[in-house]
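Just the one chain here, the form predicted alone, laid out as structure tokens.
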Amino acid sequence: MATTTDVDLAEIDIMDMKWFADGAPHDLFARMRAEAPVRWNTLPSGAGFWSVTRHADVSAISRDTETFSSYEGGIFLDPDHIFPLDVTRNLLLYMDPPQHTKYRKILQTAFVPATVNALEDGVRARVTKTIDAFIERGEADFAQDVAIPIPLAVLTELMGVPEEDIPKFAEWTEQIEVASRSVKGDAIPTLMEMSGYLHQQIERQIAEGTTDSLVMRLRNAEVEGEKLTDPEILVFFGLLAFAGNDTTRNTTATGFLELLRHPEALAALKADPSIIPVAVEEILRYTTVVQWFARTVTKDVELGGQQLKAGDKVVMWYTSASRDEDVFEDPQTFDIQRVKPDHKAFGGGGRHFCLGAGLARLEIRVILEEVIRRLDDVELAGDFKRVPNNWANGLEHLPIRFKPGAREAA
């Protein structure tokens, strides 16, 4: 394969998985930012899209929902990717104002800082229990044993569903993940099964008088006299079970891999855990696990010196924007003490900034605090395996070894 320095940018298809075999092609993105920040990318089908790689342009698109629509053609290149567009248009990610404004006001009531902060003790207890399960062995698969189960367990606990049903959610999220990797994924059977289950949970929680679960808080939330319907809540949790869980688990796994690759950073966190919150922001910037989303142009517009036409697709490369030289000093360096990085790990900003950002930050911080405190002499114990995807930057396996430790006292 040609190197990123001699490849003709006009000829490449950035969606080709060969560019992502070893993670995001950051050298190639750097060339695009410098030479072709807004570039037409032809796909094998003959269709194409505008590839946008600069921080400023990604931000501009994200703020202008009137010109760059999530609703018109969805947020993937194929409008019916994973789910049919007429289904996914019920999800917040696919809405434009004013519909988006109404739903976001309702949904964000469940993710205000006070609510998220109150979850810390429960998250820490969950992390402790998870580490206890393998710490005496002196080895683990960090992706499978830590990064995957913890966010999923936190999510199901928030929803108020029984702990014994966590394996069901694990299976459903895996089915959606597999569908997302396919050219024409179909996750409708999975969504139908999840919807039936969640409907049963709503009925159970009503009968039991539950009021503090995320399900019930959303069911009772009211903004300007309007509430979510039960079908709308069901669709929202179909998204949350995938997007909320998947992104946090991938950031946790890829972030810890970078710490293992930079032992001086891991040692610094061990010596001074107070800098972990700053390190979390650098992990978010450096890994940016949701690599792109698409928008549809609603009217002719100029962007980056290019003329975009109504109906054109635009792909915002968040992973590139998070390493833009115009914004970050020495962006290819992993610096856990970088001050307030304006990364795009939670989207480009604007109305679609990630609702669950606060919860994700809390989970990643607590996981790192407990893992770094309890696992001594931790190192890679073999080859890690990436998720084969150009949309999600994630790991399927991350084998580690460490000095065997003791379980926490009950």
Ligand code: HEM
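Predicted model only: the values in this text are computed from it and were never measured. Start at 1 with the first residue shown and count on from there.
Form predicted in complex with ligand HEM: not shown, discussed below.
Colleague: Given that ligand HEM is not shown alongside this chain, does Ile372 nevertheless sit within 4.5 Å of it in the predicted complex, heavy atom to heavy atom?
Modeller: Judged by the heavy-atom cut-off of 4.5 Å, Ile372 is well away from ligand HEM in the predicted complex.
Colleague: Within 4.5 Å, heavy atoms only: does Trp40 come near ligand HEM in the predicted complex?
Modeller: Close contact is absent here: in the predicted complex, Trp40 is far from ligand HEM, nothing within 4.5 Å, heavy atoms only.
Colleague: Within 4.5 Å, heavy atoms only: does Pro341 come near ligand HEM in the predicted complex?
Modeller: Result no; Pro341 lies far from ligand HEM in the predicted complex.
Colleague: Going by a heavy atom distance of 4.5 Å, is Thr247 a contact of ligand HEM in the predicted complex?
Modeller: Yes, Thr247 sits close enough to ligand HEM in the predicted complex that at least one of its heavy atoms falls within 4.5 Å.
Colleague: Could you tell me which of 49 to 57, 358 to 366, 29 to 37, 377 to 385 sits within 4.5 Å of ligand HEM in the predicted complex, going by non-hydrogen atoms?
Modeller: Answer to the contact question: 358 to 366.
Colleague: Taking Leu284, Gly347 and Cys354 together, does each of them reach ligand HEM in the predicted complex with some heavy atom inside 4.5 Å?
Modeller: Yes, the whole trio is in contact, each within 4.5 Å by some heavy atom.
Colleague: Counting non-hydrogen atoms within 4.5 angstroms of ligand HEM in the predicted complex, say which of Val290, Leu228, Ile336, Ala153 makes the cut.
Modeller: Going through each option in turn, the one that passes is Val290.
Colleague: Find the only residue in Arg89, Arg219, His100, Arg126 having a heavy atom within 4.5 Å of ligand HEM in the predicted complex.
Modeller: Comparing distances to ligand HEM in the predicted complex, the residue within 4.5 Å is His100.
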